[in-house]
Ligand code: FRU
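Shown next as structure tokens: one chain only, the form predicted alone.
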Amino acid sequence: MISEPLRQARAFEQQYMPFIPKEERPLFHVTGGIGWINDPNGFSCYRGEYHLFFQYHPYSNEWGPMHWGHVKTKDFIHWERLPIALAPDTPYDCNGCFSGSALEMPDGRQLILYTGVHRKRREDGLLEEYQTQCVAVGDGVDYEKILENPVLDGKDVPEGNSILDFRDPKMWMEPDGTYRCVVGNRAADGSGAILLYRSEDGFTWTFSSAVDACRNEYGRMWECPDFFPLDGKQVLLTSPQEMAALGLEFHAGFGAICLIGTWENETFTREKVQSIDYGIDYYASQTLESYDGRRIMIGWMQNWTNTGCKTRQNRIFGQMTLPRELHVRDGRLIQNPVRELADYHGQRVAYEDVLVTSETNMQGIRGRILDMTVDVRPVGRRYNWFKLHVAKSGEYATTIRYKPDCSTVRVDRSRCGIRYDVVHVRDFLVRPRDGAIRLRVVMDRNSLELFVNDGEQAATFIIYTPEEAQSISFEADGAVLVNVEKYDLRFD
């Protein structure tokens, strides 16, 4: 049965979505029908397709009472919009249907496990937010919240842990048919923890153990966890709040980190901790295992600290990253765009062994909706730096700089059109390769996703540059040889 709040949200979207010009939307990145989106939710396989839900407030371009928007795809690139799946319409989720996950049950139904939020006022007048885990079941379009909700609440949290910060369940099914999920929490020391629960049927859940805890090392509250095996290792993804900067590996604020290790006898042992994304605009990873066995990840292409960078005229705000294929190689998380992107390659323009000693343009190398790979290698003595300028025109440009002597990449979007006092520059270390570097750039109107050295690092950026800024140029202090392969991306 469709509740009145859900019916109204669906009707609002359908009534006002047609007024948004197509030019205001990215071409191949998921965004809302109208209004605000944040975390990806319920990224899952269902009936031969891939479903993605997301935190959604259709009524404005600001964060508000969370709904679940809904799209599906067969190839991770072309997305079909579906009706809003969940609305805050019960006492236990009246203040929002927060993040969660989904999977296909053996009986063919789609199971959703999400965080329901409701607020209570304490005796001293302070308003507290209670977060519980709730279940809905549906057919890929319409979903029914079960009468037994919530299925996990404060009594299911280990003693000493927070009953208020308890959210974002990520669920999967084990080979023996049991259900497991990890949930973000705050431990007794006030910092993040990831809790593990199990269920025989997906409806009744019990606490198993704590997978890992922050111990005040990497931020505070750990949100949006994911936990999966990959290439012989076990991977834990989470998004910490209140991160402290640590060298060039972790920036301050809201982060996204990957912990790689082993999972034996219900015990996770860390071996490596790294950033997931080295850009400015990335948060809240979620993955699925594709029908052909790949581990695919998607994230929110935004940062909480710059969500005010918009005008009142923006009818949509927020988008997802391009889905990425994951691997573990040499103890690191490797990520590259899904291979299906190549199916949308249009005109190819390529150059080999172009000598660059000053700023250089190459005929046909321009555009804002593209997939471009640039290989750089030194000529003779080591060069001081190489720069790739994109989305360039007059006052506008976003610059990717590589300095081989210190093995750093810098992305500078100070001139990208964002006229707010927010972070615009990010530096990160890359593995030395005798002065050579490979940069793959994927752009979709107002976004730039950079993949360095075949996915050893990824870095994600929102840019507000007018789309007329199409120029791309190459520059070096010293001498380098450059290979370029650029494809326009076509969606007609």
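Computed from a prediction, not measured in an experiment: that's the story for all the values here. Just count from 1 along the sequence shown to find any residue number.
As for the form predicted together with the ligand, it is not shown, yet the points below apply to it.
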task = Determine whether any heavy atom of Asp277 comes within 4.5 Å of a heavy atom of the ligand in the model of the complex, and answer yes or no.
result = no
task = Report whether the minimum heavy atom distance between Asp39 and the ligand in the model of the complex is within 4.5 Å.
result = yes
inquiry  = When the contact criterion is heavy atoms within 4.5 Å, does Gln55 count as touching the ligand in the model of the complex?
reply    = yes
inquiry  = Under a 4.5 Å heavy atom criterion, is Phe98 part of the interface with the ligand in the model of the complex?
reply    = yes
request  = Would you point out which of 448 to 456, 461 to 469, 427 to 435, 31 to 39 contains residues with a non-hydrogen atom within 4.5 Å of the ligand in the model of the complex?
outcome  = 31 to 39
key: Contacting member of Cys181, Leu333, Ile84, Cys224, with respect to the ligand in the model of the complex [4.5 Å, heavy atom]   = Cys224
key: Option touching the ligand, based on a heavy atom within 4.5 Å in the model of the complex, out of Trp79, Trp304, Tyr92, Trp385   = Trp304
message = So, a 4.5 angstroms cut-off on heavy atom distances: do all three of Trp63, Met66 and Arg167 pass it with respect to the ligand in the model of the complex?
response = yes
request  = Residue by residue through 181 to 195, tell me which have a non-hydrogen atom within 4.5 angstroms of the ligand in the model of the complex.
outcome  = none
